[in-house]
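Below you will find one chain, with nothing else, as structure tokens; this is the form predicted on its own, and questions on how it binds or moves follow later.
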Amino acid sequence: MKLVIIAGPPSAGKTSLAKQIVKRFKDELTIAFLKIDVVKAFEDLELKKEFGILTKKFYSGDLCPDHAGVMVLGDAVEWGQKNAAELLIVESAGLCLRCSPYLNQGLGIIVLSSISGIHAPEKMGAMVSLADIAVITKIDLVSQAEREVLIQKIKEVHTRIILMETNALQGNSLNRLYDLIIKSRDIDRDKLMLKGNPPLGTCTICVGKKEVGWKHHFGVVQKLDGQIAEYLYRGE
């Protein structure tokens, strides 16, 4: 089974890209689709209704959606293989910019909207820097100059990333992506690993403490006047 993980901020065009991939391969491959979200998702229903493929969704609830994705991806791969899927597409919630949902196998695709601003790639950290492919959407809504600046910013974050531009609603200029997918290797579920390192650790806010101010918390804490990536550790 081949694996494609689609990440990116909300409204970038992740689902539109997933639909184009399904449309292209639905007559060649048995496809399964998993949507990971926090509270509500309808993408699985849309793809099932439009293409009749196997779909599933998972709500992360109190967990960071990317952390939840790491926990359930093993089950998702098993689910896809049990249903004889030849291509598993996973669409992330696109909310956490500190984490990365990409694995050491399959293809990781970051979807970026042209209208998100030229500095967007620099704000997204590992979601961009660890992706295999960047698909820039909504290219008809900005000038050529803005598109070129955005591309340059992406290359500054990730020099070896494969770039392609499209209007995902029409699916133009995606032939190279389809070629990369069909030529990608089947995954070995026993050797799946995260491509990048997760964030430093869980803070006490994550586990339910509501008080405001670092002095009320313990574990990994940060001060306003601290340097970037300067962490303190306070015992309970």
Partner chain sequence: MIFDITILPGFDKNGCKEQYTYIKLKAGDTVSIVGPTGSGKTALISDIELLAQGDTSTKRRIFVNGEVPSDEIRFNPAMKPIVMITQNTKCFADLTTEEFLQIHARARKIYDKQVIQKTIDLANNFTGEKIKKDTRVTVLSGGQTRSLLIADAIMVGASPIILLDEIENAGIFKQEVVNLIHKAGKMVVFVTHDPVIALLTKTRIIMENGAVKKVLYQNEPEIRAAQSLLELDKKIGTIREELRAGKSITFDLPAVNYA
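Residue numbers count along the first chain shown, from 1. Every value quoted in this text rests on a predicted model; they were computed, and no experiment measured them.
Note that the form predicted together with its partner chain isn't included here; everything after this is about it.
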{"query": "In the model of the complex, G171 touching its partner chain (heavy atom, 4.5 Å)", "finding": "yes"}
{"query": "4.5 Å heavy atom contact, V149 and its partner chain in the model of the complex", "finding": "yes"}
{"query": "Close approach of R189 to its partner chain in the model of the complex, 4.5 Å, heavy atom", "finding": "no"}
{"query": "E156, heavy atom within 4.5 angstroms of its partner chain in the model of the complex", "finding": "yes"}
{"query": "Every residue of H119, I139 and S143 near its partner chain in the model of the complex, heavy atom within 4.5 Å", "finding": "yes"}
{"query": "Its partner chain in the model of the complex: contacting segment from 66 to 74, 173 to 181, 34 to 42, 50 to 58, heavy atom within 4.5 Å", "finding": "173 to 181"}
{"query": "Partner contacts for 1 to 28, taking its partner chain in the model of the complex and a 4.5 Å heavy atom cut-off", "finding": "none"}
